[in-house]
Ligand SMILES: NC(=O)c1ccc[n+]([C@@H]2O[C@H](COP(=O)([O-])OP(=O)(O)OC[C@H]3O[C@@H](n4cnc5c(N)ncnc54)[C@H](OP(=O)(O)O)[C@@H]3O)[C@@H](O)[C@H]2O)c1
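The chain below stands alone and is given in structure tokens; this is the form predicted alone.
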Amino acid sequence: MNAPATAEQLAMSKAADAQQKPARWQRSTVLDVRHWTPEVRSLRITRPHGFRFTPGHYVRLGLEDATGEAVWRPFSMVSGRDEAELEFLTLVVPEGPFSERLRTVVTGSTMLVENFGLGFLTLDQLAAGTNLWLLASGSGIGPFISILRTPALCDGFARIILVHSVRHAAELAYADEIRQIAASPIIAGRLHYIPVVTREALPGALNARIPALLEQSLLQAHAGVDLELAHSRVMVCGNPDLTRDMRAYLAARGFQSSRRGVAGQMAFEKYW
């Protein structure tokens, strides 16, 4: 009869098992940091080996301190599905544990990237429709850029209305690229971009929160199309106030999220 394993032997066995298990994350190198404002920045990093995702997904990124301890936060991919690099739109939050480390990230820095994307803000969550509404606030524009950079995903929609709400005009990240996509032959005039700036006047931009613009039918008038259940499909990504108010607004009009394998008419991001 074998003697029972000692505590030291058990610890050694667990350590050996951990070494044999594949890591849930890989290291990536920061290739570029673009500052839209002091708080809003885009990061481009090397794409980990074998990393796959569906546009609209997010992934957890980690930053280590000098002792090797990592802080993790979720960020949506901005990059298109098949791009060689990964891109993220980040917001520096004052005194946030991750943000304090993010402030020091420069070209050549190392980030940790988990091996898989997550989330339900993907087009396969939606039933077939005619008009696709993409409603974002702040850094919530990120997953919609990823979708637009993979344009074949939008082939089933006759109209795509992208609304981006920010406080200040400088925070309208990717505005020039969005306009270039809208003018490209592959979208063929189907993309309608509506910037919203709430704390200053900007020519061509609306000037109130997205739910208020919808309640007053101003957003629909600007888009030239109604937001209604029969033909509209809606994706929302932004701050908790926006997602809460939009869920209530849409639910009151009969919109539902996917459930039990039945595709819905609305999809939200929930990683806050």
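Only a predicted model underlies this, so the values are computations on that prediction, with no experimental measurement involved. Numbers for residues come from their place in the sequence shown, where the first is 1.
The following text describes the form predicted together with the ligand, which does not appear among the structures shown.
Novice: For residue 229, is any heavy atom within 4.5 Å of the ligand in the model of the complex, or not?
Specialist: No - in the model of the complex, heavy atoms of residue 229 and the ligand never come within 4.5 Å of each other.
Novice: Check whether residue 239 has any heavy atom within 4.5 Å of a heavy atom of the ligand in the model of the complex, and answer yes or no.
Specialist: Yes.
Novice: Is residue 37 near the ligand? Define near as a heavy atom within 4.5 Å, in the model of the complex.
Specialist: Yes, residue 37 lies within 4.5 Å of the ligand in the model of the complex.
Novice: So in the model of the complex, does any heavy atom of residue 179 sit within 4.5 Å of the ligand?
Specialist: Looking in the model of the complex, residue contacts with the ligand do not include residue 179, since no heavy atom lies within 4.5 Å.
Novice: Which one, 44, 47, 209, 222, lies within 4.5 Å of the ligand in the model of the complex by heavy atoms?
Specialist: That would be 209.
Novice: If the cut-off is 4.5 angstroms on heavy atoms, which of these, 187, 126, 91, 153, is the one near the ligand in the model of the complex?
Specialist: Looking at 187, 126, 91, 153 one by one, just 91 meets the 4.5 Å heavy-atom criterion.
Novice: Counting only non-hydrogen atoms and a 4.5 Å threshold, tell me whether 54, 83 and 117 all contact the ligand in the model of the complex.
Specialist: The answer is no; none of 54, 83 and 117 reaches the ligand.
Novice: In terms of non-hydrogen atoms within 4.5 angstroms, which of the given stretches 126-134, 108-116, 154-162, 167-175 touches the ligand in the model of the complex?
Specialist: That would be 167-175.
Novice: Which residues, if any, of 171-200 lie within 4.5 Å of the ligand in the model of the complex when only heavy atoms count?
Specialist: Stretch hits, in order: 171, 198, 199.
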